[in-house]
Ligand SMILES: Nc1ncnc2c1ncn2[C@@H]1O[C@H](COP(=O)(O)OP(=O)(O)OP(=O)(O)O)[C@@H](O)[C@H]1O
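A single chain comes next, written as structure tokens; it is the form predicted on its own.
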């Protein structure tokens, strides 16, 4: 399976999400490789911290910032899952990766510029539909870093705005909240699943709900 985590805009949490998806897949017992295609090399930097601090088990990370498509296809024949951290604003990589992926997860925050960028990404994927092996790029949107307050409606408002702007867009019901544990884990070269349960329980539950919902969509499409 090839899972691409990507967006047109930077700073929406692509690398963090890709790292944790790969880590979760590995934790569940499957073989996985994380391909860092972003020139900012955030996933590779996380891997360096992990290695330096001696965190185990190791997670295989391959850096391929130029023309990653062939590399990803090759790795897909050797691993159960390939997770790609796609760089922002690179439409050549978007074409290369979305036309071969089994699932595209696009994290977006609730701000207006993030939502507008998500609309443009969705429109770009629709133009690439004919080039995909199934005739449709399997894209889902994950609302990320939403406010934690229980009575905050920004995540719901963002979902409704995207669904109004993009007929047929899939916005996952599960929402990832802006919890400190995500930042703490990144600084330690860990995934949130490797952090103390008392601190990570809520974030892990939200993440698992998001990933399972995304995978259910993939299995049906």
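Numbering follows the first chain given and starts at 1. Quantities reported herein were computed from a predicted structural model and do not represent experimental measurements.
Another form, the form predicted together with the named molecule, is not on view; read the next lines as being about it.
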**Message:** How about residue 183 - does it come within 4.5 Å of the named molecule in the predicted bound form, if we only consider non-hydrogen atoms?
**Reply:** yes
**Asked** Does the 4.5 Å heavy atom contact test between residue 178 and the named molecule in the predicted bound form come out positive?
**Response** yes
**Asked** Does the named molecule come within 4.5 Å of any heavy atom of residue 24 in the predicted bound form?
**Response** no
**Item:** Distance check, residue 75 to the named molecule in the predicted bound form, heavy atom within 4.5 Å
**Value:** no
**Message:** So if I measure heavy atom distances to the named molecule in the predicted bound form, which of the stretches 26 to 34, 170 to 178, 57 to 65, 156 to 164 falls within 4.5 Å?
**Reply:** 170 to 178
**Message:** If you apply a 4.5 angstroms heavy atom cut-off, which residues in 128 to 155 are near the named molecule in the predicted bound form?
**Reply:** 144, 145
